[in-house]
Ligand SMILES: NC(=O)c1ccc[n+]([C@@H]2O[C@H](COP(=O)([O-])OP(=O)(O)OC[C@H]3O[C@@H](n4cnc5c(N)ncnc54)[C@H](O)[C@@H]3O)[C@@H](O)[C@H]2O)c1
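Just one chain follows, in the form predicted on its own, and it is written as structure tokens.
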């Protein structure tokens, strides 16, 4: 098929590259001329393992066109994915649909009769119908169809998530349109992957409910970890015991300094506003959001007490991105930890293998950015592991102790064995390690 993907951001670019890998002719449309030119050169504007190689492979095969030309991209497209940003409004936490609305206005008079328009962006319940009304109001043909096809991509593993999904959810009122969209994913159908066809509203809610459930699960194990520290037991053992129950499972039962990134914070807040619009309460989700915001401060307060005040002390922080495998710092627990450390008067030296460029937008010159793990911890009175990059767990405890000036090692990603850290002469605190 000939397919147009509107938006060359994270979701749009991953969708475009992977759909091209399925064998389709893909036009990736974006208004950002600089981004399109860089993509034509094969440059991916963000860090995502494997994406650059797959982009080059399909560009070399002639299955890709990057363009800012709406007519070129849309005039013969059978399916159009809308994959633009839907950020959270900072003032009230609602979902900003202005980019979706702008896309509708741009494409309405260009798309051909019978075109299937697909909401790939994460959007509130009812948006598919809103998009169809917007398209028709702006002059689109009467016989277009608008479907919902939410993405379930994890940063750092997005290519694998798209190519080997747990499920593909399609929200459609028209059976023929749903079947045509399924053909975009024919290789996945042939593999026997799970497909679920629902109403557009159900598909939209599936995305929000999925991420909210994961956020609640993460917050739950983080609270259990904090309790385990009070009791003096190992939350890793507790998490394993919980996860062996097949009804619960072991995924997302890894204690840490809170959830972050572009999805869980935005989608939990988005779901709360959807519930409010429909006159419903989601007390469990609301509590998870509030608790998640409190965890980084609670962890820094713990450090502050153990070193008898952080003012003037040097703290080496390993990690800036919200998780390993990405350069994304949006709602990063590491950034939140650093901001509280700075409030306490600490001097922060930080290292991240990918996150520095974007972290500078958040933190400016308020901290020192280093070029290695060793430079971040040398001379530090406290070392904090804030992001689970594998290399942070591979540095030898005795090397850490040799480089540090102080002796407090705060491993909030539980990458090291406590006894090995203690054997190196350091004091250890983790997330629920007793």
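Quick caveat, the model's predicted, so the values are computed rather than measured. Numbering follows the first chain given and starts at 1.
Just so it is clear, the following notes concern the form predicted in complex with this ligand, a form of the same protein that is not shown.
Asks: Indicate whether residue 99 is a 4.5 Å heavy atom neighbour of this ligand in the predicted bound form.
Replies: Result yes; residue 99 sits at the interface with this ligand in the predicted bound form.
Asks: Report whether the minimum heavy atom distance between residue 30 and this ligand in the predicted bound form is within 4.5 Å.
Replies: Close contact exists here: in the predicted bound form, residue 30 approaches this ligand to within 4.5 Å, heavy atoms only.
Asks: Taking this ligand as it sits in the predicted bound form, is residue 84 in contact with it (heavy atom to heavy atom, 4.5 Å or less)?
Replies: Within the cut-off, so yes.
Asks: Residue-level question: is residue 8 within 4.5 Å of this ligand in the predicted bound form, judged on heavy atoms?
Replies: Yes, residue 8 lies within 4.5 Å of this ligand in the predicted bound form.
Asks: Heavy atoms within 4.5 Å of this ligand in the predicted bound form: which stretch among 212 to 220, 103 to 111, 171 to 179, 193 to 201?
Replies: Contact criterion met by 103 to 111 only.
Asks: Just to be sure I understand the contacts: of 127, 122, 291, 354, which is the one whose heavy atoms reach within 4.5 angstroms of this ligand in the predicted bound form?
Replies: Looking at the other structure, the residue within range turns out to be 122.
Asks: Which residue among 224, 236, 135, 153 has a heavy atom within 4.5 angstroms of this ligand in the predicted bound form?
Replies: Exactly one residue meets the criterion: 153.
Asks: Output the sequence-ordered list of residues from 205 to 233 with at least one heavy atom within 4.5 Å of this ligand in the predicted bound form.
Replies: Only a single residue, 207, comes within 4.5 Å of the partner.
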